[in-house]
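Coming up is one lone chain in structure tokens, specifically the form predicted on its own.
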Amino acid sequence: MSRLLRLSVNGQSVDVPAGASVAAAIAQATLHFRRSVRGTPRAPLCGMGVCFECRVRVDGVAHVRACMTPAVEGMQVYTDG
């Protein structure tokens, strides 16, 4: 059985298995990760760090690619979606 990690996405507690990405945690809380410059909701596209559509703020650091970042216990993640 996989160990669960608890992190916060936009202030909401989310549990994910150890080894999951931040993108997997966000997907449990919301469909949209950010907004385009025109205000259109955006979500991950490629899932491998190429498209940059999954950029979020993690522990105060902006523009983190959620699909490439492993979830860590206690992380504070914020989207603008």
Partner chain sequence: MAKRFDVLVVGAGPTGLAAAQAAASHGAQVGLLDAQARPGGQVWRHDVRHQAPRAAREAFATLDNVTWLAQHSVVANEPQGLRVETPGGSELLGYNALILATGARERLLPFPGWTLPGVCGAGGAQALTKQGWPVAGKRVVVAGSGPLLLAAAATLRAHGARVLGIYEQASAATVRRFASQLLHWPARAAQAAALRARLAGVPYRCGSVVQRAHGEAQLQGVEVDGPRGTQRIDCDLLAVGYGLVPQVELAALLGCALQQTGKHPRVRVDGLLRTSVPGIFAAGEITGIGGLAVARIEGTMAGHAAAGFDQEAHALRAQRDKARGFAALLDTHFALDPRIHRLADARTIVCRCEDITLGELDGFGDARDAKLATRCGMGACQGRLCGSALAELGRFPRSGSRPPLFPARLATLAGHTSLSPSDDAYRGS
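Positions refer to the first chain, counted from 1. None of the values given here were measured: they were computed from a predicted structure.
In what follows, reference is made to the form predicted in complex with its partner chain, a form of this protein that is not presented.
S.K.: So in the predicted complex, does G60 come within 4.5 Å of its partner chain, heavy atom to heavy atom?
M.R.: So G60 does not count as contacting its partner chain.
S.K.: Can G11 be called a contact residue for its partner chain in the predicted complex at 4.5 Å between heavy atoms?
M.R.: No, G11 is distant from the partner.
S.K.: I'd like to know if A27 sits close to its partner chain in the predicted complex, meaning any non-hydrogen atom pair within 4.5 angstroms.
M.R.: Contact with its partner chain, yes.
S.K.: Scan 52 to 74 and note down the residues that get a heavy atom within 4.5 Å of its partner chain in the predicted complex; none is a fine answer too.
M.R.: F52, E53, R55, H63, R65, C67, M68, P70, in sequence order.
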